[in-house]
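Here you get one chain, nothing else, as structure tokens; it is the form predicted on its own.
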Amino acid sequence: MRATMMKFPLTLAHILERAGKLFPGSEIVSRLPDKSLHRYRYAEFHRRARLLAAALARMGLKRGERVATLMWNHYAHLEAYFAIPCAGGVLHTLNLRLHPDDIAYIANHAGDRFLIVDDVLLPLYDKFRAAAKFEKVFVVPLTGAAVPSGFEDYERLAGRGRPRQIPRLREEDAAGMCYTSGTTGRPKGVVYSHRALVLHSLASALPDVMGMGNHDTVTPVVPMFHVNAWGIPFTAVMVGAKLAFPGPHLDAVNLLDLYQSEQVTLTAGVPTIWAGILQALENEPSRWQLKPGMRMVVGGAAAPEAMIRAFDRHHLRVLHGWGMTETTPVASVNYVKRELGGLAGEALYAQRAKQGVPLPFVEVRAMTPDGEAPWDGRTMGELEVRGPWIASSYHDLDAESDKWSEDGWFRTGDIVTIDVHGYIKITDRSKDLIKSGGEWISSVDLENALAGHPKVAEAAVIAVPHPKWDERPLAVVVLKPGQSATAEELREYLAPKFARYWLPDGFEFVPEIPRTSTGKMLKAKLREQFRNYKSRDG
């Protein structure tokens, strides 16, 4: 017997039209550069996105051509998120935190035809303007100032004219494009299909993932130029949630003010953002009246147990997740399964600090030189993933084809354990794992433990050469303002938690830890800085 179902392509056009028809009254709030709030509703968003799509088509945008954005998180960027793919083009978000030379390289490698840029980011654009090859540049006048000569006014595209019929789209058509952060070599481009983005949105909305619904107010702090803000804008529009965008103001006070004024129920960002917010809450615990139970999706780096505990005390709930540019990006999220409902205390927080279980349709395995590692929570292996929104190659880059196995598994470079319940725990990146005397040491476990010390703001643990043991761990520590600590004090704090050979040979105190443009620790710079470090017994 053969099932006969209606053929209905999975495209972002359906999500856009659904938003306009079913949720015209849902609100979109954006903090502008002058810190005022811009407000409008889905009905106007839908109209303007349709106008922008029509304008791009009139300018000759062809199917599959790339339109770059250089923008903060706000209403106009959301319009571009849907208008460009619905015009048949490919949304390519440029990471404004990269060096201008890298931005130019990425735009040229992607073959971007047009650029949409915030007026407040024109000084950044000027730094790579001569090296880029955009046919037209459209400026979003967020400040209200006149658009400089030589540029196109975005408002003439999205604010005027008549919308056209959205062209027939295929679900396998390219819809979006993001580049990796380039911590090893040049950034690499990942292209997302309409189908991948739609399926990712459907999975993200599930109760045991982000649980996003129409009654939520959602603030994506993670930038829209970084892996589609983890897909949150697409999912929020699909369910008709209220959106509250922070614009360029990502400091703790402005974020907390926004959370309070809009009564945000779901937000997302990297641990450095939450560390600042936690410090502000600790300093002034009665200043902000936040929505009790606000969910805080944490990704990009491991969330220490101490952070999860601290937010629990403020009645805010951390949702730990994992993903990569190549996984669109969400591949796992942590929730406490029914069978673990009896966990409490230390055991509960240890479980919540893991990267969680894979989303539906995402398969995972940990591979060792001897084959797949057992799901015992102890055996380490390289995490491999596959699924309908996992990339199968890089854009115009055959040299990296060895990242995929013949049967479609993507080799992530993350070293993990998987426990009997299916929870993934990242122990390190393969390049950051420390091998001392033939034994593996997880820098991530040491970092998370150090973050629990009351005087420590954050810590990075790296391998340094050792004449006898090959490598030994060195902890690079940032203390909280006004605090002082000694190496022995921190070593004694770690001693009850780890085997003796795991304890760092040294502790170096620094004012800050270098980071990538997406907030990840840049351990390569630390390894270079401390390459001549002498261990205390070396």
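Note that the structure is a prediction, hence the values are computed from the model and not measured. A residue's number is simply how far along the shown sequence it sits, counting from 1.
Below, we turn to the form predicted together with a small molecule, even though it does not appear here.
J.: Which pick from Lys242, Arg113, Arg352, His226 sits with a heavy atom within 4.5 Å of the small molecule in the predicted bound form?
T.: The residue in contact is His226.
J.: Just give me the single entry in Ala457, Ile426, Leu202, Ala280 that has a non-hydrogen atom within 4.5 angstroms of the small molecule in the predicted bound form.
T.: Checked against the cut-off, the match is Ile426.
J.: Heavy atoms within 4.5 Å of the small molecule in the predicted bound form: which stretch in 316-324, 155-163, 142-150, 249-257 meets that?
T.: Heavy-atom contact with the partner occurs in 316-324.
J.: Does any heavy atom of Val333 come within 4.5 Å of a heavy atom of the small molecule in the predicted bound form?
T.: No, no contact at 4.5 Å.
J.: Consider Gly176 of the chain shown here, and say whether it contacts the small molecule in the predicted bound form, taking contact as heavy atoms within 4.5 Å.
T.: No - in the predicted bound form, heavy atoms of Gly176 and the small molecule never come within 4.5 Å of each other.
J.: With a 4.5 Å heavy atom cut-off, would you call Gly300 a contact of the small molecule in the predicted bound form?
T.: Yes, Gly300 is a contact residue.
J.: Within a 4.5 Å heavy atom cut-off, is His14 in contact with the small molecule in the predicted bound form?
T.: Taking the distances in the predicted bound form, the answer for His14 is no, it never comes within 4.5 Å of the small molecule.
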